[in-house]
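First comes one chain, alone, set out as C-alpha cells in the form predicted alone.
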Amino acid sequence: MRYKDYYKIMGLARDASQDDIKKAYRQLARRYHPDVSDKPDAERLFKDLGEAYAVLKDPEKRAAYDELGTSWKAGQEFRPPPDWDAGFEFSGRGFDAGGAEAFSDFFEGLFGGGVGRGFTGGRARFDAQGQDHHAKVLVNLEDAYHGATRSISLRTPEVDSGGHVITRERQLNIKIPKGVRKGQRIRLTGQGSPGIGNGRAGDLYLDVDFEPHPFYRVDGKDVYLDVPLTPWEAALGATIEVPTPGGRVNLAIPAGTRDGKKFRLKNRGIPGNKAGHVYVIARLTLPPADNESAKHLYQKMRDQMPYNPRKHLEG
C-alpha cells in the first residue's frame, strides 16, 4: 500500500494543535467539496481530506499515526513495522473498524485490519461506568511456559492545555499467566478510565503477542525450532541436545535424515489443559572447504562416493 501524509494533505505542520486541524478542515472542505469545486479531481481531494481529518482530529489515532515516524514520503510503498502499536493504550472512542473500507488501503491497513486493534474498544455507558481501555503488549515466550510478574510501560495519548497531542506514560505490574497464548487477553480490573460519580472505573484489556525470538517460532500452542545438522549426523544418525523454552532435551536423529525432516517433542509446547508440542526441523549444513585438509576430504568424497543428486533430472 502507499503511504499517505495526512499533514501534507491538510496543509499543516506536524505540531499543529487540534484547533488548527478543525479550522483547516472547515476551510478545505468548502474548497474541495465536489458540489462547489471546479477542480477535475475535487472528489478525490475531498475524500483524501476526509480521511486525513478522521485520523488527525482523534488524539488516539493521531498519536498512533505519528508513531510511524516522519521519514516516509507520500506515495512511497509502505508496510507498518512489526508490532508498531505495542504499548499504546487506547480507549477506542469514536472509531468503528467496520467503516475503514470507506477510506484507502493505507487507512484500513493501520486501523481496520487488526493492526490497531486497540481502537475497537468499549464505549462510555449510560450507567456512568468508566470506559474500558485496550493495549497490545509483547511478552517473553519463556514467561508463557512458567508464568511471571513483569513491569510494563504503556503510553496513553492525551491533549494538553495548548491543544497538542502528547503521550502520558504509566508503569504497571502485570501477572503473565502460565500457558498464555498469542491473541489472548489479560484483564486488569479498574485500570481503564475512572467512572463518573459512584460509577466504577473501566477495565484495561491487554492483547497478548510474543516478542520476536532469535530461534523459536510460535504457531498457536506449538513452537518450531530449526536445528542445524552436520552431514555425518544426518547420514549416520546421532543423539543431539536441543533447546526448548522449557529446558534442553536429547533428540535421537535416525540415520538417513534429510533436510527439512520434522521431529515432534510431544507436550513440550506452550502449557495448558492440552499442551502444545515443540517441532524440531532438521537443517543440513556443510562444513566450509576453507583449508587444504578440508578440500582434500571433499575431493576424496567426490572420488569415492558416486553420488548424483540430479540423476532424476537426466533424460
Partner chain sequence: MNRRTVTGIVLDEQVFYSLKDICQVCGSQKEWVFELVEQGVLHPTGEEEQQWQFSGSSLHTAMKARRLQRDLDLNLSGVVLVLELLEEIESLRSRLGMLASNNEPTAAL
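C-alpha atoms forming the largest set that superposes within 1.5 Å between two forms make up the rigid core. Numbering follows the first chain given and starts at 1. Keep in mind the model is a prediction, meaning the values are calculated, not measured.
Only in words, not in the display: the form predicted together with its partner chain, which the text now covers.
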Within 4.5 Å, heavy atoms only, which of 138, 238, 141, 225 is in contact with its partner chain in the model of the complex?
225
State yes or no: in the model of the complex, is some non-hydrogen atom of residue 215 no more than 4.5 angstroms from a non-hydrogen atom of its partner chain?
yes
How about residue 264 - does it come within 4.5 Å of its partner chain in the model of the complex, if we only consider non-hydrogen atoms?
no
Contact label in the model of the complex: residue 205 to its partner chain, heavy atom within 4.5 Å:
yes
I'd like to check something about residue 29: if you look in the model of the complex, is any of its heavy atoms closer than or equal to 4.5 Å to a heavy atom of its partner chain?
yes
Sequence-ordered residues of 33-47 touching its partner chain in the model of the complex, heavy atom within 4.5 Å:
33, 35, 36, 38, 46
Rigid core fitted, then: does residue 39 show a CA shift of 2 angstroms or greater between this form and the one not shown?
yes
Please check if residue 190 moves between this form and the one not shown, taking a CA shift of 2 Å or more relative to the superposed core as movement.
yes
Tell me whether residue 173 is among the residues that move between this form and the one not shown (Cα shift of 2 angstroms or more, core superposed).
yes
